Structures are given as structure tokens and as C-alpha cells.
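Presented as C-alpha cells, the chain that follows is alone, the form predicted on its own.
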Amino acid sequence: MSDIAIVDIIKPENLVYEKTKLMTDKTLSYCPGCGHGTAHRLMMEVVGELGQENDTVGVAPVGCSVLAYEFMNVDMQEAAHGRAPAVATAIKRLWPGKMVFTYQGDGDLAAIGTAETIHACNRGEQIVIVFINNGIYGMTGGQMAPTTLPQMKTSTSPYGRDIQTMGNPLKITELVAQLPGTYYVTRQSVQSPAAARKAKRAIKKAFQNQLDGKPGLSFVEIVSNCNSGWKMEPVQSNEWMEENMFPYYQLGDIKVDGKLL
């Protein structure tokens, strides 16, 4: 290849993608194939595009989500397990000029943090909640989570989730959509380029709502895989998610501009 051809390839107008400056240089420590890294990138791209890199505060609690502070190059605050919405509420009320978000997994948000989640949504706090739902406790050994599907096997439901004894999966996103304090509620995914683009648009809308002072909380669920917890290869886990998670947790907007769809 000639030198001229090489120069042509690297011209700015030929640039298709580059790493956002709001991701740190630390190597991602998530399991290969996990959706957390893609979710991180989308969020930080949005923060940069909105010009809020110096005015954003994220709250990351316990679980795989806690690692977010190592990779997102914005101000981050850790929170106790499940308490991220309460901490984010305090930050936003004391520092109203900041763009504030939480980044939480299903065990954190929909189990130990159910009360904090519901009450922050009901109060209509002007924050963004990003909820990663992979239907399992990924960090602590693959135990059953509130969002584990019926008959889905985990380390604490080795024969599958029995609805009669273990209850139904909790569709907490539909639940918070019913609350008057939520302004925008959506469910997306990141397993393909097309899905990632839709998720990014949803994340951007959520953050823009906060910047515009819209009356309420924006809630973005991202259905993701946990290939290590599910005991699958990454590609297989994405296929399983599409075949099993998406029919139960249907993708798309649930509430827009304060109105249920």
C-alpha cells in the first residue's frame, strides 16, 4: 500500500469511530462479551456530545456496576448497595446545576434498592437512572435475582425458577412507569450495532430531559447478557437473551413526556 493511500485512510473525513475521551485508559475488567462496557461507552459519548463532561456526577453502587467509576472519566460517587437513587437525590438537590445519574444492576436496583428506586421515581427527582438487567447476580456467584426468568437456572435455583415458591420476575421498569414522578421510561439493549444506536438515543433523551428541567425522573433499562453467570459463550448468550429475555422484557419506550404509551 502506498503512503498516499495510508494518508487517505486516516484523514478525519474517513474516520468512522474513535474512543470517547470520557472513558479512562484502564482496561475493562468485565467478562469478555459483557454488555457493561458498551453501556459505559454510550453514556460517556452522550455526556461528551452534550458538553457536560465537567458538570456530570455518576453514582455507582455494589455489584458489577460498582466498577463504573474506574472507567467513566467523570465525577463518580460510590453508594451502599441499593442506595444510589438516595445518594443521587442528595447530590442533585444540593448541586442542582449538575447532571446526575445512577448506574445500577438488577440485584441492586430491584432487590435491596427497591424502596430507594420506587420512592425516587415517585418523587420525580430530576436524575437519570440507568438500569442494567441481566436477570442474575453477576458479581457474587450467579444467584437468582428479582428479574430472573421463570424456569431460568441459577446457582440458587439450580432446577429453574419455580414461580409457585419463588414468585414471578419483577418488571420494575413497568412498575416505575406507573408512578406520576417518572417523565421518561424506556427499555433498550446493546447486543448489536443497531440496538446500541437505539440505546444511545434513549440515553441522550434521558440526559437531555434533565438538562431541560423536565418535570420528573428518566429511567433507562438496558437488557443485557451475563455470559459467565449464564454459563454460555458470548455469542450464545446474546442469542439466548434475544430468544428468552426480550419476549418477557419487551424493548421500546414505555412512557414518554410523562405519558404512558
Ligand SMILES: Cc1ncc(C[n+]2csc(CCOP(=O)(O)OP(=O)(O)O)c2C)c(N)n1
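Residue numbers run from 1 along the displayed sequence. Worth saying up front: this structure is predicted, and the values here are computed from it rather than measured.
In what follows, reference is made to the form predicted together with the named molecule, a form of this protein that is not presented.
Proximity to the named molecule in the model of the complex (heavy atom, within 4.5 Å), stretch among 136-144, 67-75, 187-195, 158-166: The contacting stretch here is 136-144.
Heavy atom of each of H81, G105 and D108 within 4.5 Å of the named molecule in the model of the complex: Yes.
H40, heavy atom within 4.5 angstroms of the named molecule in the model of the complex: Output for H40 is no: heavy atoms all beyond 4.5 Å of the named molecule.
V62, heavy atom within 4.5 angstroms of the named molecule in the model of the complex: Because a heavy atom of V62 falls inside 4.5 Å of the named molecule in the model of the complex, the answer is yes.
Partner proximity in the model of the complex: M152 to the named molecule, non-hydrogen atom cutoff 4.5 Å: So M152 does not count as contacting the named molecule.
4.5 Å heavy atom contact, I112 and the named molecule in the model of the complex: Yes, I112 sits close enough to the named molecule in the model of the complex that at least one of its heavy atoms falls within 4.5 Å.
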